[in-house]
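Quick heads-up: it's one chain on its own, the form predicted on its own, in structure tokens.
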Amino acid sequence: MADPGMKVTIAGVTLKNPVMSASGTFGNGQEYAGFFDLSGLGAVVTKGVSSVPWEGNPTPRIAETPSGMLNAIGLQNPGIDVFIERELPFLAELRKKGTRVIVNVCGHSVEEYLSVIEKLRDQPVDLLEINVSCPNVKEGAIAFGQDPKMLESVTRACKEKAAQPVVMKLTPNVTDIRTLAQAAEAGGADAISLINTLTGMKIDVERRRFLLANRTGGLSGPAIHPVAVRMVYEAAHTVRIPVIGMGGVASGTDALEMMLAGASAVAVGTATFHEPCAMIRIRDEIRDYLVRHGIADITELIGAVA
């Protein structure tokens, strides 16, 4: 058969294939450019960008776990002004080759989110991914994404300010992901992405101390994949907007599982730490699956398991 169609569309933005980087695991792409041609990806998702520089958490900030890892980086980044001047030109060149650019936006208040969004209005950016796992300093440090009313409110504010389509990145650290998906949709989100990391902890029993200076960190990797697939399924069957699935995707099979559950695209994160070219391998494994099963277009698989 002819090469199968690999294009997918998220909020009116067409990606050449459904594979993208997960925010916080790929920097802004430059350090991986020596390993493979980044134009082979559907999109590059940047590290979180804030209105002012964030130093992040104290070290140690990384700990290995069975089938995964804990991180407590704390969204360290140089701020939006440095990002636009130093990082965005590289991404703009990549965008000219057809790879979409998605900027992850973080903040401790609605005003901080909006400041970043405002500065990105006229920049070469295709989508905005809003990290609502950030603590709201004005509301007792509860994460924006853990309260449905707060999530709907911040989504609406971001949509009113943004020139690009808005993707709300949902936290899995809640009782019912469907309620949050509905809140994001009600606030006007163009798409949602999930899952962010699960909160975890690791203790060194010999030294009787926490392995992370922050005590807790975000668990990622294959260990969380079944949880992620379940949440993607629940969210995709609750809202009408597109879903980007992530969480422990390390193979084409993992990615296809996400898409069959309802995701329109998938993001790869932890796998790239030990295999820099993992996303390209996953893309090729998806294409091989389509050929092997005689599937002409990948969109036939989205939500095919009901």
Partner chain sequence: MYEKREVTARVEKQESLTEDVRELILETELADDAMPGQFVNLFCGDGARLLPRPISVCDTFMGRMKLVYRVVGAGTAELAALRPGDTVRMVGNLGNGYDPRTAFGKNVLVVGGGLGIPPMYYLSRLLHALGMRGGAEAPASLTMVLGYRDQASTFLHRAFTGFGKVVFASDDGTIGYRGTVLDAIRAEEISCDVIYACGPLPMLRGLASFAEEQRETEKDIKCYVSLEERMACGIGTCLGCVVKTKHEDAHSRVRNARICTEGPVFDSAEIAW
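In this text the structure is predicted, and so the values were computed from the model without any measurement. Numbering follows the first chain given and starts at 1.
Absent from the display: the form predicted in complex with the partner chain. The rest refers to it.
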Next on the checklist: If we define contact as a non-hydrogen atom of the residue within 4.5 angstroms of the partner, is residue 37 a contact of the partner chain in the model of the complex?
Outcome noted: no
Checklist entry - So in the model of the complex, does any heavy atom of residue 252 sit within 4.5 Å of the partner chain? => result no
Checklist entry - Applying a 4.5 Å heavy atom distance criterion, does residue 76 contact the partner chain in the model of the complex? => result yes
Next on the checklist: I'd like to check something about residue 218: if you look in the model of the complex, is any of its heavy atoms closer than or equal to 4.5 Å to a heavy atom of the partner chain?
Outcome noted: no
Checklist entry - If you check 227, 150, 211, 157 against the partner chain in the model of the complex, which one has a heavy atom within 4.5 Å? => result 211
Checklist entry - Residues in which of 161 to 169, 190 to 198, 99 to 107, 80 to 88 have heavy atoms within 4.5 Å of the partner chain in the model of the complex? => result 80 to 88
Next on the checklist: What I'd like checked is whether 16, 289 and 299 together line the partner chain in the model of the complex, meaning each has a non-hydrogen atom within 4.5 Å of it.
Outcome noted: no
Checklist entry - Though the partner is not shown here, which residues of 56 to 76 have a heavy atom within 4.5 Å of the partner chain in the model of the complex? => result 59, 60, 61, 62, 64, 65, 66, 67, 68, 69, 73, 76
